[in-house]
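One chain follows as structure tokens, the form predicted alone.
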């Protein structure tokens, strides 16, 4: 092998390596195995033990999960917050019910807070109020119309029994919704 042949082999090897570096991510993307930006937000997540919720007293609970960007995965990150309200069961039923609402105001995306003195939810950004069922309320003093385009966003919620500890847990199907629209549209 002379010097010219050696340089040709080295050039071909470098060209093959560069093509692989550029081409493999494209093949991975086309095959559908590319990493997602965040983990799916549509799964039920275990948030709180039922015994830790008082009847009629709303509690804000953070939703924790993993976030992943192109290179880094971070566990136990706050994905959002939800309001949980434990209610007495409907007539005749022995079990209690738990309702869950997104804590994000559908108007501008601010965190809805609880106003304990009046038992209402209040958005600190534009003073919109919601009752404990998540329905919009007009200001009773000024009679000003509520700025929120829709009621608080309800979330699917269920109570499950843990097989090992036999504790009842509240699980919520955490979703985020488009803000500023009258229609409830789930964001992907």
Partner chain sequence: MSSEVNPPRTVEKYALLDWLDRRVNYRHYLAILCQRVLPDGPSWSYTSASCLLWLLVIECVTGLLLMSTYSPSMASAWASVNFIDQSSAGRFLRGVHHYSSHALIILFGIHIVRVIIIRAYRAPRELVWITGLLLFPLILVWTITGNPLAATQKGIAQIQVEGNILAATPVVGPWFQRILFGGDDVGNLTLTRLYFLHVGLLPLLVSGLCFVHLHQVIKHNSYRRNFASDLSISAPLLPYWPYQSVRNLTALLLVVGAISGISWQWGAPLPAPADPDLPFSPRPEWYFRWLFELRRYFTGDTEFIATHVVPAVFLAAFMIMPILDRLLPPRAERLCRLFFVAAFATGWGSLTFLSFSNDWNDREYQASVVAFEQMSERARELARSEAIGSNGAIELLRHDPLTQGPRLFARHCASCHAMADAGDQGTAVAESTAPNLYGIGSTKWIMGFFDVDQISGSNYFGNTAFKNNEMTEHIRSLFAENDRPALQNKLMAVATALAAEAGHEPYQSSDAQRGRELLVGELKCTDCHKFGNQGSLGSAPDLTGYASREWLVGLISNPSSPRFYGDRNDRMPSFSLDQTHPEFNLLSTLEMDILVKWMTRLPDDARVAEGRKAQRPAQPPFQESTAQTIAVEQNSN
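Residue numbers count along the first chain shown, from 1. Note that the rigid core is defined as the largest set of C-alphas that superpose within 1.5 Å between two forms. Quick caveat: nothing in here was measured; it's all calculated off a predicted structure.
Unshown form predicted in complex with its partner chain; subsequent notes refer to it.
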#### Entry: in the predicted bound form, residue 47 touching its partner chain (heavy atom, 4.5 Å)
yes
### Query
Wondering, does residue 83 line up within 4.5 Å of its partner chain in the predicted bound form on heavy atoms?
yes
### Message
Residue-level question: is residue 127 within 4.5 Å of its partner chain in the predicted bound form, judged on heavy atoms?
### Response
yes
### Query
For residue 160, is any heavy atom within 4.5 Å of its partner chain in the predicted bound form, or not?
no
### Task
Decide if the three candidate residues 15, 156 and 183 all line its partner chain in the predicted bound form, where lining means a heavy atom within 4.5 Å.
no
### Task
Enumerate the residues of 53 to 75 that have a non-hydrogen atom within 4.5 Å of its partner chain in the predicted bound form, in sequence order, or give none.
58, 60, 69, 70, 71, 72
### Query
After a core superposition, would you say residue 73 shifts its C-alpha by at least 2 Å between the shown form and the other one?
yes
#### Entry: in the predicted bound form, shift in Cα separation for residue 70 relative to residue 81, 3 Å or more
closer
